[in-house]
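A single chain comes next, written as structure tokens; it is the form predicted alone.
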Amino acid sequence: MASEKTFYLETFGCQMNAHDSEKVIGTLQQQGYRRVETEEDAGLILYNTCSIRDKAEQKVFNRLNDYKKLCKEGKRFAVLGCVAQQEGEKIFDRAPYVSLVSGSASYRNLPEMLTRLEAGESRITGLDDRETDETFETEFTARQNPYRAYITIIEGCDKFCSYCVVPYTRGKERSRSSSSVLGEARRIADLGYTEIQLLGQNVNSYRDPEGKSSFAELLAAVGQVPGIRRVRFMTSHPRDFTRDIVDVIDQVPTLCDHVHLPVQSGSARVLASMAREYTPEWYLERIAWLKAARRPISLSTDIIVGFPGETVEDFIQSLDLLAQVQYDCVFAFKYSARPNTPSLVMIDSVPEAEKNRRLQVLLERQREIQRVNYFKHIGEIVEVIVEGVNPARGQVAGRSSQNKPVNFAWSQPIAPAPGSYLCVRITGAFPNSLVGEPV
């Protein structure tokens, strides 16, 4: 490795991965490494990987192949995250120039692994099984956003949905203590951050090891930290979604009025095959709680189309659920088999062309729902947190408490800084965003 310890890190995947990378970066910097902007300038090249979607592994190996020529210059490579945990030591066989392979449950051992790497070891692994009870907590998180900070409150997953690789790559569910979460929230507020997003594969499955706080009570406590103006959480599982979560959103104004509650299918038969362990009726009861709240709560979800055995009637039931719930946002995906999951033994009976058709039908149906939903905001005044400015267009981009993008014109010579809050009157709407004018 170069005499000056430099590194480049690229992140694939979700917000959990992005926040894991913030903690990895902070750990590397605490160990004396300096971050650089390109692989060519780095002595250590790390890829933090995701395996939740089809061909994710191939994307990582393609990236490794693109830069393997750099190993002749003495550079070292590390593969982190879900693909690392999933593929394990097979990565060394496919990419012999990789020196370190570590799943997310082993990041707490990064300082020791880096010491071994610097000593010249060429095959270092951090691959925990599902028995670990430890989480990755560090005071050296290198936060990449100037106003929004992430806090992981629970890692891993015990749900074992038949299509999902996460329980096998992230380990079992293990929660941080409420004291450590609140301590981090206060440090974040002291640093000037005003928005916190609590993270977990199933964030509402949180179980306080200290026995002090339920998930709803932890939400309320974080929302009451001085200086914090917005608190979000993601992602919730319907099986652990309790009524007190809705009550606390109503009671604590800093808790954002948006809930992401993945349904995956509107068919009871498909949900059973997915091992989701709830029915559409169970799910819709929780939606009814949210719709009965005093504050209007924006709803978003995930849906998979073309799951093995999904019939046309099953798919129509998903469309019917869309019409009933009237989501503000839907993340829809075609089913793809993932390694080590129970659905691998199921016959992938829906042809690819039919999966594509169903996906397009669902997205078009949802687009019309959003067109109506967003139009209803015209005339309202909403508080927006500024996320960026486009000087060429004289436009500011922000986001409402309901997590809806809001764009508005700005004619003043000094643009509002990212992280500042403004009131905006909504004057127009599109299916995916709102437009307005500052009040």
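Quick caveat: nothing in here was measured; it's all calculated off a predicted structure. In this text, residue numbers run from 1 along the sequence as written.
Omitted here: the form predicted in complex with S-adenosyl-L-homocysteine. The next part is about that form.
Heavy atoms of no residue among Arg108, Glu137 and Thr141 are located within 4.5 Å of S-adenosyl-L-homocysteine in the predicted complex. This chain lacks the partner; the member of Ser214, Gln366, Asn202, Ser298 within 4.5 angstroms of S-adenosyl-L-homocysteine in the predicted complex by a non-hydrogen atom is Asn202. A heavy atom within 4.5 Å of S-adenosyl-L-homocysteine in the predicted complex is found for one listed residue only; from Lys172, Arg207, Lys334, Arg243, this is Lys334.
Segments offered: 258-266, 317-325, 290-298, 185-193. Contacting S-adenosyl-L-homocysteine in the predicted complex at heavy atom distances within 4.5 Å is 258-266. Interface residue remark: Ile304 is counted as part of the site for S-adenosyl-L-homocysteine in the predicted complex, having a heavy atom within 4.5 Å. Contact annotation for Ile52: at least one heavy atom lies within 4.5 Å of S-adenosyl-L-homocysteine in the predicted complex. Although the partner is absent here, Gln197 lies well away from S-adenosyl-L-homocysteine in the predicted complex, with no heavy atom inside 4.5 Å. Mapping the unseen interface onto this chain, Thr254 falls outside it, with no heavy atom inside 4.5 Å of S-adenosyl-L-homocysteine in the predicted complex.
For the stretch 156-174, the set of residues having any non-hydrogen atom within 4.5 angstroms of S-adenosyl-L-homocysteine in the predicted complex comprises Tyr163, Cys164, in sequence order.
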